[in-house]
Structures are given as structure tokens and as C-alpha cells.
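Before any questions on how it binds or moves, here is one chain, the form predicted on its own, in C-alpha cells.
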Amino acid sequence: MKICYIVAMVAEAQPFIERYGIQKVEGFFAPLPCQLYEGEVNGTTLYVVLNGQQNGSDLVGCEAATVATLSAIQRLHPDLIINSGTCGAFRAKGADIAEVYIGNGVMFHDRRVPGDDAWGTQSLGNYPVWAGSQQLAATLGMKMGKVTTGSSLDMQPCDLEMIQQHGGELKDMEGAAVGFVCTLLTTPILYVKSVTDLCDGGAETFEEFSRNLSKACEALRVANERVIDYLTKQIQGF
């Protein structure tokens, strides 16, 4: 079995990489900026693919996630993709800082394409998640929530309207882009998201994100250890 994580930021992946001692494979995706780490856990091949960096900063957002996911699937042929990272959430829906969720759906919240139902359906996405996501969450006692994706850290009123209309609970910048590629290449995807900021908490988004990033990433590490233990010990395939 081969499991591949797609992660945007070094801060999100580093605690997990250090925990399992997986090694960087230099230049694997060159000339693309994506970075590969590889190791073995409980007899399972574990990959972590980072979007990479440009101009000294992590590449976040849909474009970088699309490149990383496509490259990973075509080169590594994983049995399961896991998109792991931080996100915003809503206090009104019971979320708290550093709480980790399993995604039960994924869509875009900032692709507003006028036209008939076919155009609208395409712009929203609403891609399928791995069929075992609900059982995993139930077994591990983790909350589930619908991931919605946009290309900006902030949230405009029209974004919030779209999120509320479609039952979104977790706001990120990569999830639906990863899901789009996984759908095209028929690769199952699992979402593991840790909350850095509360979209309805009244704080400035970037300041709250920065303040809580380390705490949320540590919670993400703990959750991912449990997820990997579940996948490699309790089930044998997909």
C-alpha cells in the first residue's frame, strides 16, 4: 500500500516528517518546485509531497496544489491521497482553534461562473472523498466537516454566502484543487484539516492564523499519527 500526503506549507508537514523520520528525495520533481519525502511505516510506503517554495515562501493556493497533486499521482501511483493542512472554521458551527476534522465533502467557494446548471456544477466542484472517511472519523472519534476552497486567505461576503448556501464548515486554499485532480485520475482522497482561525471570531485572519499556526500544526501531527496507524494497522486496503 502507498499513501501520499499533499501538503502546502513546511510548517504543516515538518512535525509529521520528523515524527516518522522520512527522508527528502532531492530533485525528484525537478524542475518543478514540489518536494518529495519518502519512508515506510508499518510496512506501508509513505510519501509526503510539499507544494514547494518560490521567492523564499511556501507556495500556497490552488495552482501549486494542482501541480503537486498531478505530479505525485503520475510519478508515485499512490493508493490514497491525503490532503493535510490548516484551515479556517466557524465558531457558530462548534469549531475551536487546533481542532482537527476529517473532510466529508469538498468544493470551491470563490468560482462564480454564470450560466446554466452545467457551468455552475463545474465551478462548485463537489468532488467525492474517500469512501472510508466516515468510518475512519467514527473510529478515531474525530469531527467531520465540508471543506470549501478559495484562492485567498481572506473571505469576501460573496464567499461567505456561497459557503453558507452549500453547508461549508472548513475554509482552505488547496483542498478542492487536490480533489479535482484526484477525481480526474480516479485516486481516492482523504482530508485531514486543523483549525488555525475562526472565520466568524472577529479577529484579523492573518494575525489569528499566524498566532495559532504552531499549535494547529502540532494537533495536526497527532491526528495524522492516529490516521496512519488506523490505515496501516486496522485496514488492509481501499
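Because the structure is a prediction, the values reported are computed rather than measured. Each residue number is its position in the shown sequence, starting from 1.
Below: the form predicted together with a small molecule, not depicted.
- The closest non-hydrogen atom of Ser152 lies within 4.5 Å of the small molecule in the predicted bound form.
- In the predicted bound form, the small molecule sits within 4.5 Å of a heavy atom belonging to Cys87.
- Among residues of the shown chain, Leu190 is not one whose heavy atoms approach the small molecule to within 4.5 Å in the predicted bound form.
- When the small molecule is considered in the predicted bound form, Glu169 lies well away from it, no heavy atom lying within 4.5 Å.
- Out of the listed residues Thr66, Asn212, Thr44, Thr205, Thr205 is the one that sits within 4.5 Å of the small molecule in the predicted bound form by at least one heavy atom.
- Distance criterion of 4.5 Å from any heavy atom to the small molecule in the predicted bound form singles out Met173 from the list Val181, Cys34, Met173, Val48.
- Note that among 49-57, 66-74, 24-32, 194-202, the stretch whose heavy atoms approach the small molecule to within 4.5 Å in the predicted bound form is 194-202.
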